[in-house]
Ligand SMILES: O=C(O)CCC(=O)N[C@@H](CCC(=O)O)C(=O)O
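Take a look at this single chain in structure tokens; it is the form predicted alone.
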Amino acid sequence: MSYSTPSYLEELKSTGDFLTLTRNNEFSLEPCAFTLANGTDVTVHDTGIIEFQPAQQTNKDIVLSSAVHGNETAPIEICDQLIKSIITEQLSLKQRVLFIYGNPKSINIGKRFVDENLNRLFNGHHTVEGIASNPERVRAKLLEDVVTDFFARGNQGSERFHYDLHTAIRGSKNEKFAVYPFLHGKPWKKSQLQFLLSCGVNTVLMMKSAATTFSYYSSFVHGADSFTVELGQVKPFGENDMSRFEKTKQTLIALISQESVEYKEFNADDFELFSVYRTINRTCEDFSFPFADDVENFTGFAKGELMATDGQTRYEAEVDGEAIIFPNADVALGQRALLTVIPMQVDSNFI
């Protein structure tokens, strides 16, 4: 495909600042393609979507997304640093990589989303009969199409990966954790847990049902090893202690700049694993939690203790130690307001 030469091209080549370019063009950006001196092909597909193709044969197709929620700034800053390093040739790639800033307008307004939670619109949920479209629904469809195209153009037999990087609204007893999408009976991979551990993530939540998240989409539709990775708590730009993300950054650099990476030998004792116990949706305007806004993810409750109230319905802990994840009383009616989880062990379903 041939592209014109847009006005932003020379500045992008010299600075590598794709984030500022994205923020200055929050709805669309003229595509372009160019080649770095080291032979890496660079393609800007649209605002917030940039692809890198090394000159040599690769064996991994990697998607790194951030800003699916625009106020989750630490992952955006990590990806910004990586993109700049690649374009300015401080970092040489050995693998194909697609970087995505999911929701540019929400970055600019410093909000989780503009009209609708983008991470509830994947796997086809962006187009639902009777529900009006909005920019986030349009964006979800575009991101699905771009990921589909990226994986389709990969080398036959290449491994597929997607790490959707986030930070959580609340603090967490386990600062960094990952969500392993529902695999529909396929086994979980110890190698992926080893990758996460190298990122500084030793807590993993195993989902038990289909979802509308970006990571589930890549896992289910494209067979990618895919995770939602929560790297800490939401903070504004400039307030992140980036040293806390150095393990994650260095592990991602190794993933994209090396032909293969050796991780620490698997040891089940290194991990805290949880499985989803139940999902609590908000169905009434009168929805509330009995705990304070600063109660952390993975806080456990005693059996019989109140966890949420939805109109006249009281949700009480059904087992001792039932713990909360992602509590958010302000979600739209019908959406998930709370996940509860219980500990699990490595078993025969891990390979």
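For clarity, every value in this text was computed on a predicted model and none was experimentally measured. In this text, residue numbers run from 1 along the sequence as written.
The next section is about a form of this same protein that is not shown, the form predicted together with the ligand.
The site on the displayed chain is open: the ligand, placed by C-alpha superposition from its pose in the predicted complex, has no atom within 2.4 Å of a backbone or C-beta atom. The putative spot formed by Glu72, Asn119 and Ile169 is fully lined by the ligand in the predicted complex; each residue has a non-hydrogen atom within 4.5 angstroms of it. With the partner omitted here, the residue from Ser219, Thr228, Asn240, Gln95 that has a non-hydrogen atom within 4.5 angstroms of the ligand in the predicted complex is Thr228.
Residue-level contacts in the predicted complex: of Arg112, Lys141, Lys247, Arg278, one residue has a heavy atom within 4.5 Å of the ligand, and it is Arg112. Under a 4.5 angstroms non-hydrogen atom cutoff, the ligand in the predicted complex lacks Arg23 among its neighbouring residues. In the predicted complex, the ligand sits beyond 4.5 Å of every heavy atom of Tyr315. Shown alone here, Phe326 lies within 4.5 Å of the ligand in the predicted complex, counting heavy atoms only. Though the partner is left out of this view, Asn103 does not reach within 4.5 Å of the ligand in the predicted complex, counting heavy atoms only. Of the candidate stretches 143-151, 248-256, 161-169, 186-194, only 161-169 has residues with heavy atoms within 4.5 Å of the ligand in the predicted complex.
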